[in-house]
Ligand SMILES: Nc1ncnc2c1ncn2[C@@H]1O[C@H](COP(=O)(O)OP(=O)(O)OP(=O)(O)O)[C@@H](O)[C@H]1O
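Shown here is one chain on its own, the form predicted on its own, set out as structure tokens.
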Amino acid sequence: MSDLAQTISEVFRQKKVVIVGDLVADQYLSGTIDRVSREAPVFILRHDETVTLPGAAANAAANVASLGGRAVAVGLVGDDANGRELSSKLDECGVETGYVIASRNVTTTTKVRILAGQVHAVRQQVIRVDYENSKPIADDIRAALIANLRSASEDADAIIVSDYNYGVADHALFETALEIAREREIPITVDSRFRLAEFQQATSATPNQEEVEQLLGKGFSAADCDRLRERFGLEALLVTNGSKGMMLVEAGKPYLQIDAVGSPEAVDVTGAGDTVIAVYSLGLASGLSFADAARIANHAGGLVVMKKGTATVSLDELIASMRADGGFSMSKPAV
């Protein structure tokens, strides 16, 4: 038997994960409340700084890289300031961006969170402004995305499809990813914002409670989830339930309830699902069982929700959390 906390530091570094889907710029505009406007009964916010971080599929890629995996992003940004800033941030995170297309015909999807507070007070989010691309993705760009996916995945150990319903992860792209995964005999995982039914026959998927409720209704059971898993042709379904932890349903096995790690009061849940699928997929790419990969992802999720804003988890943080929980003694995975 081997301590998995020690093992993952070795096997994660050897794995290449391709992340394909919606790349989003998460911006945090923070400022100091200066005074009340004479024009209307509203506060005037004096701008302090604006920080851009990788969001959605870009955040999943950043998490793979922060854990030592080789992260390769496949997606689309606008040939604009936010697109360039997002690509630059991904480069800084160690994510390979050579397969990211920058197009003048689209606008980089950007979520601007306004953080306000008085001089010596903690900044609080008061509103979010979303800039979404409204133009259809041209056929030549879609063809280029598919070609990039094929090239990026030639030596991949896993593929993540991250769908935030912004148009990149369409049927043709997913079918290509599925074909590649089958040919290479590697896991393909899906995180889809309310469109899971359109991404069937993957290895596994990681919907949250709200997304499953949309499919099954409130009060769903483990048996309901297992039937959903079978209906969508998945080998395993990992349902994230916030402070209640996770539930894993796997073909031919009893369901597994995994209790949440850490404080029940999250600081910020932004991007937690991206972290979960990144770690879960790295685990599967490393030869771990669904259960072991889910347990590790649970620790990563517990760590990232205690950080402000869109965040990543480092390998040292993850190992320390697992050590505190006994390190998970289990057989060493195949490398």
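The shown structure was predicted, so the numbers you read here are calculated from the model rather than taken from an experiment. Numbering starts at 1 and follows the sequence shown.
Another form, the form predicted in complex with this ligand, is not on view; read the next lines as being about it.
Inset, instruction - Go through 283, 301, 69, 55 and name the one with a heavy atom inside 4.5 Å of this ligand in the predicted complex. - result: Going through each option in turn, the one that passes is 301.
Legend entry - Interface residue in the predicted complex among 109, 189, 153, 240, criterion: non-hydrogen atom within 4.5 angstroms of this ligand: The residue from 109, 189, 153, 240 that makes the contact is 240.
Legend entry - Which of 43-51, 264-272, 60-68, 26-34 sits within 4.5 Å of this ligand in the predicted complex, heavy atom basis: It is 264-272 that comes within 4.5 Å of the partner.
Legend entry - this ligand contact in the predicted complex: residue 293, any heavy atom under 4.5 Å: Taking the distances in the predicted complex, the answer for residue 293 is no, it never comes within 4.5 Å of this ligand.
Legend entry - Proximity of residue 208 to this ligand in the predicted complex, heavy atoms at 4.5 Å: Residue 208 belongs to the contact set for this ligand.
Inset, instruction - Although this ligand is absent from this view, report whether residue 164 comes within 4.5 Å of it in the predicted complex, heavy atoms only. - result: Judged by the heavy-atom cut-off of 4.5 Å, residue 164 is in contact with this ligand in the predicted complex.
Legend entry - 4.5 Å heavy atom contact, residue 95 to this ligand in the predicted complex: Taking the distances in the predicted complex, the answer for residue 95 is no, it never comes within 4.5 Å of this ligand.
Legend entry - Residues within 4.5 Å of this ligand in the predicted complex, restricted to 44-65 and counted by heavy atom: Sequence-ordered list is empty.
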